[in-house]
Structure formats: structure tokens, C-alpha cells
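Okay, here we've got a single chain as C-alpha cells, the form predicted on its own, with questions on binding and movement later.
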């Protein structure tokens, strides 16, 4: 359907049909769809790079995906075809070289490891049997009858996947998340997303401070001035919206604000260390899991793909603490842990750190969205058009595809399609 547009105000011609805020996967997808429909779209990106939370970091020399890493549920993920179209290889093989569990830096006793292994499957078993139709539960409550010790162990794995504490995760929302095969992008998922942005009108270093939607169109304030358009697609993370980094005039409707109140941001975090020289007899791709405390899990991938790098993962309040402490403290903390696991000589081998802490990043304010217990409908609510010309889209509005680059892409396309259906 061809849309007809009204000008945003007398004497103020629109610079674009649509302004897209954010050049992550959702913003790029929306802009491509609008371009294909013959619409002029301008993409405003606060950072000095494209890709958002999909970011291949090469600051240490060896590159790694500091944000999104897997093309999840590859059977229906649009990035499989995008990669194919761009000639970018994907792989279903990980770099795994073995797995070992530790408690306070020492190999965990076999009995404790078996206890953990049995507990981890409890979430899926509970979700298969519990009736959530009448009432949503937190994941913590879902596991409550296991007892405080075992339930904490059972839910702790979510710290390394969802990145959030179990009492803040809606069981209904978790239950509906899509699953399927995962693919890796050897050249970097973030690099793939950035490459897909080629050919679009993307303007970097343009953080938006205000969106006015009190006229027939919208006006968007940036450091380079105010841009006007007929509609706006906002793809910034929920954490940025909740922090009030962008002012809306008039303020967002109560229903939209209520939706934002029902969604939090997880804190899945990666800390990468450059480690040169001796590899201490460790096979490339070996993983060490520090699991002595259920609330402070940290998984460390050592020399993945043979690179001189180790990558640690953590989530929840533990990750928030490290993010707030900063790179130096994170480096010391991880090096202390590795010295217990491997030996003190590793301290001499650590030569650098990369710590893109999404929780404290002003353009993210978290890793990805998490519905709070009882608020699983907030994703659909957040996607509802505002005033017929402002649309919020991203992984937070992706339903079963939430928390993924693929979901963000589908949400961006859906928002662009809705814009194209508008009639003035």
C-alpha cells in the first residue's frame, strides 16, 4: 500500500519521510525496508560506529564479539540469508576444547558437579509441567519447591544466558522465547551487522536529545540541529528510554510508559583479556566455569579459535558490580581468578583488557530486555504506535525473538511496514 504523507508544519519541509533512531540491527533493518519501499530514511546513531549491541571488538588485536555472538534459531533467523547474500561465512562449529568446573578457583568436587548438572535441567522440566495460564511466576518462584539452595543453583545458569536474577524474569516470557540451532560468524557477528548497514544514510555521533510529536509530523533534536520528518522509528535499547536520555514532547503516553515499567535490562557482560606467551598447557577453546557461588558465576573461554585472548562472561548483579567498578577493577578481579585456576604466572601474560560494559554504556544501559514477572505483555504493548507517527522497535518488541539480533531485525522490519501503511 502506498502511504500519503502530511508535511510536519507550515514552512518546515520534511528532510526525510522517516527518521530512524539507532543504527543497530533494528534500525538498519527498518531503513533497508523503507528504502526498498521508496521512502527516504535518515538513520541517526549516537555512537561513532554502526551495529549497536552487535559489536566485533578488535581493540586487543585478536577480534571477538563483545556483544551478540550467535545467530540463534537459525532455521528462521533473517541473518542466515543476509550473511549468504553478503557472502559472509557462518559455521555450526564452536571452538570448544573441553570444560572444567571450579569453586573459588579450585576444581569442583565431583559430587558438587553432579548436583549442579542435575539442577540445571529443572527450569525446562518445570516449564513443561507448570500451568502459567492463570498466573505468571518469576523463575525463582517457579523453582521454589526445590528449596533455597537447589533452586538458586538451578536458576544460576540464567545469569549466563538471560543475564538477570531469577526473581526478575517472567516465566511466561522465558517460556515463549524461540529456540533452535545456533550459528557462529567466524569473521564477527558485529562486523556482519555493520556491513549490512552499507548504502544507507547513517549519520554517526548524533545522539538524539528530544523527539517532538505534537504536530502532524515529528522533529528530532541532534547535536547538528533539528531534523523533521513525517514519522520516526525509535530503536534505542529499553535501558536508554527508561533512563530518560531522550525527551519526548509531549511525554510518552501512559500506556507506553507502563510498558517500559514492565521491562528491565539484563546485564550479561564480557571481559576480554589479551594473554600472550605461555598458554600453560591449556587447549584452545577450553572453558573454565567458576561456580563456587551460585550468584557469582563466571565462565571463561580460554584462547578461543587459537587466539591470544580469554573471554569471561557473567551476568546479573555480579556483572553490574564489575561494570560499575570499571576496567581496572575488572581486570584485577579476572586475573586474580585465573591465577587461582592456572597459576600466578598468568599475571605476567595479561597485557590488555577490553571491557565494553553494556550496563554502564550510556547508549545501552544493559545487555538486552527482560520482562518482569507478570508483565510478559509489555513487549507487544511497547510496540503499539504512538500518535500514529512514532514507533518503538527492537529486540524488546520482538516477542519470542526477544534478546536477539534476529528478533531486533524482525521488529525493525515490522515497524517499517507499519510506517508504510500510514495514510495522512
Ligand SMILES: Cc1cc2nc3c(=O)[nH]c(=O)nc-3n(C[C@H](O)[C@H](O)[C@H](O)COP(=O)(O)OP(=O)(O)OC[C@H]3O[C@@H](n4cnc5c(N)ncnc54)[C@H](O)[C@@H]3O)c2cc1C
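Positions refer to the first chain, counted from 1. Predicted model only: the values in this text are computed from it and were never measured.
Same protein, other form: the form predicted in complex with this ligand, not shown, and the subject of what follows.
Within 4.5 Å of this ligand in the predicted bound form, do 47, 51 and 189 each have at least one heavy atom? Result yes, every residue of the spot touches this ligand.
Name the stretch, out of 103 to 111, 199 to 207, 167 to 175, 275 to 283, where some heavy atom lies within 4.5 Å of this ligand in the predicted bound form. Within 4.5 Å of the partner lies stretch 199 to 207.
Can you check whether residue 30 is within 4.5 Å of this ligand in the predicted bound form, heavy atom basis? Flag for residue 30 set to no.
Residue 333 versus this ligand, in the predicted bound form: is there a non-hydrogen atom within 4.5 Å? No - in the predicted bound form, heavy atoms of residue 333 and this ligand never come within 4.5 Å of each other.
Is residue 416 part of the interface with this ligand in the predicted bound form - any heavy atom within 4.5 Å? No, residue 416 is distant from the partner.
Contact of residue 268 with this ligand in the predicted bound form (heavy atom, 4.5 Å): Looking in the predicted bound form, residue contacts with this ligand include residue 268, since a heavy atom lies within 4.5 Å.
Note that this ligand is not shown here; using its position in the predicted bound form, name the residues of 63 to 86 with a heavy atom within 4.5 Å of it, in sequence order. Residues within 4.5 Å: 66, 67, 68, 69, 70, 72.
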